[in-house]
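Same chain, two forms, each on its own as structure tokens: structure 1, then structure 2.
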Structure 1
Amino acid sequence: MRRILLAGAAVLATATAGTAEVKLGSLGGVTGPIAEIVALLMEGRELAARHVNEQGGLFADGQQLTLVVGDSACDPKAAVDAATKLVNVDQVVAIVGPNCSGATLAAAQSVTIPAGVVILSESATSPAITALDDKDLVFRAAPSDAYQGIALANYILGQGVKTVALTNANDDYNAGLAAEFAKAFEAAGGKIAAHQVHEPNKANYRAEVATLGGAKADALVVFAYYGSSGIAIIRNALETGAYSKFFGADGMVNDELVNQLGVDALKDAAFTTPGADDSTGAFKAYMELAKDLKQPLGPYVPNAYDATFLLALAIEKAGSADRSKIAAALREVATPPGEVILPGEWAKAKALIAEGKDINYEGATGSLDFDAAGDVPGTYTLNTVTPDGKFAAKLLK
């Protein structure tokens, strides 16, 4: 067995020695709590690399783009170890990933920012990453939860609801979202009449609901996971007659909500989730290319494709595998002005870059126009309950 492995390694070594390659780090939670999700989005990354290699590879001499996988295990410590190996041992040009917000913050602060390596995560959504002092080296291809707060605040105000009561579960994700929502809602002229943090997993929330109900707002905004407190709070609010209009975010969107509370109770409820605009040419192009993947629209799979393709474009634009040039090149290829490049259009992009023309990648998940912090604007869908008890998603413009 060992001999076969050695022989295999030798064959691989000679094969890769034949054609020059450019190494791109592919850091992700291959093991750990979201391993199933990561397995799917790794396919998205590989698909993008394949498109690059099939259409002429990188640079004038057609070098191959190789993804070097590192396991960040959705864990800050594992992410630091894996990122260190990619940066120091494999000498990658840039890194796509990691996946979890905690892992991303740790890898960025301890390894990649000091080393001057660009990382582009397709799935870390914590608002804390925006505030990172990153020397313009940390990018994301998934919208920060801060944008979800703004999207929801604008939608609620657009419905004519000016005063809301707000409650959030006491955890990082829901607390971050609630803080961003409150900021956006008040900045846009709305009023938070009451804000109550609650502890998940309690038998009932009648005291919390009574406090919130005393504020006499027009609607209740709930940031929670449906199973641990979201359903219970809405149930208690309905039972006590405190509120009948509810808003929330992706942690609440699950069929169990309708199953437990019934359609009638939720006819005035609406929840935002990140989504993709399925009417764009870029989205259609991606769907055509990705139809062989297990789940082309699985969580953050299109984002994984976009992130990898963008980094490849940035390396091509930089003209060499030079780490220090990637960040500036990434901004140039992702943002206007420039000729629009859709998913899969590697040969076209390569030709334009060779002519010295500007390009602007439009991804399956949106325009991917990075702001000053390296974040992309979000596209969100609004989920409401239809009379037959299903969630219907509508794009928020």
Structure 2
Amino acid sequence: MRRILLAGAAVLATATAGTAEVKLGSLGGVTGPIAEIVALLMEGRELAARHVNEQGGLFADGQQLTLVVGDSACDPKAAVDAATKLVNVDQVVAIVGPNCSGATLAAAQSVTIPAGVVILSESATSPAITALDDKDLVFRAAPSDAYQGIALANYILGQGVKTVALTNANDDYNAGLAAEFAKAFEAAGGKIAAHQVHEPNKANYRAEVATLGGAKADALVVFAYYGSSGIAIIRNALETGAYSKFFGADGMVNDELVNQLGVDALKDAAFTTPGADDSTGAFKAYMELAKDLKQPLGPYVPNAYDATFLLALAIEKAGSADRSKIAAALREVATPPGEVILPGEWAKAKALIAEGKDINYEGATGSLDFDAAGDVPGTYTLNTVTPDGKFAAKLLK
């Protein structure tokens, strides 16, 4: 409950009393299995909104961009309820989020697509989202897991690990990622010695680990959210001696993993997350602006900034809070041709739009050139645990 109140306070802070406002939905798993990660994402969204408001706001009369928070709880039903309120009661012009793939699919199919409302998620990466009949209303500021599965498979094989056991939580995100990983790993010559789908939020996973351990693979690949099953599975694998080498993806990258399992237990663990090329001007601009955030490079935090800033640019380009104009405007501000806009350059972008000139936002995470399905290309980072108990990230080439 405390986290919800804090998020609400941040929302109120984005609008000045008595000033006209434009409401943008900020939908995410404020509670649920990745609440700690989402709290960091919300900071990224709020930072982007603050840059808009501090540099003149929206339109000629300087309307404030107000983020209206909805809690999807990383759960399909909760996401539908929260999206319904944002769309029908709060009357938001568009929505940034949700965070989790299952929540995004549910909210899009049941609420936002029928209502004609654009959603732009910074972290919903299931390949199933690409196939939605979405009327060009569903976009992502992070690449599909069709690519992350390949990146992780290539990294593991490059480490000399040829045989793995695989387990994934029974949800849209983790199931989709597991399928893409398994396909890429086997196509490149690797072997999946055992594969188990597990249900989240069980007291323990000793039975599943016993089966996976019986495969005698070189490592265990875990696709899960750290707070619902990931930590428990690795703990049980360590306790039974089934495995000591672990791989996974962004759902596992959180300090709580280290806090509960310890540094020694994770010395042979590595997890991929969508990342950014730290040599670009856009990345450097973001890092300077985000230096006061708790974790400016936390999983999907730069993506959250980009998604919020992009939607604000689309609203400005549309010239009004007309929902029907946002999708086309979003594509226009995110892709060439046009003068490049970097993170934080709201006043510059606003002036160019007012002059009728094209702009092209280059984000902290790279180019956000949406394809026909609303997907973007991307890069990935490898996250490992350092001796001092922190996650260190390096770009995967």
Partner chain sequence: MWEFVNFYLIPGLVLGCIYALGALGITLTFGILRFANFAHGEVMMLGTYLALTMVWLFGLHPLLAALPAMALTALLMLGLDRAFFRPFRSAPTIISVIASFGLMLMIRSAVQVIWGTQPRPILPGVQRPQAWLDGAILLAPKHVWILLATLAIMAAIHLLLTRTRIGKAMRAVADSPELARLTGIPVETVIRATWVVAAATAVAAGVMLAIDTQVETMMGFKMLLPMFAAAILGGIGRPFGAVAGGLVIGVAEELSAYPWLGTAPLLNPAYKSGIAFAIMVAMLVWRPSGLFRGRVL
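In this text, the rigid core denotes the largest set of C-alpha atoms whose superposition between the two forms falls within 1.5 Å. Quick note, the numbers are simply positions in structure 1, starting from 1. Because the structure is predicted, anything quoted here is derived from the model rather than measured.
Only structure 2 is derived from the form predicted on its own.
Between the rigid parts that turn between the two structures, the hinge residue, out of Pro76, Ser144, Ala82, Ala219, is Ser144. Rigid-part rotation between the two structures: 36° for the smaller part relative to the larger (C-alpha based, whole degrees). Taking the core as the fixed frame between the two structures, we note the C-alpha of Asp264 moving 17.4 angstrom.
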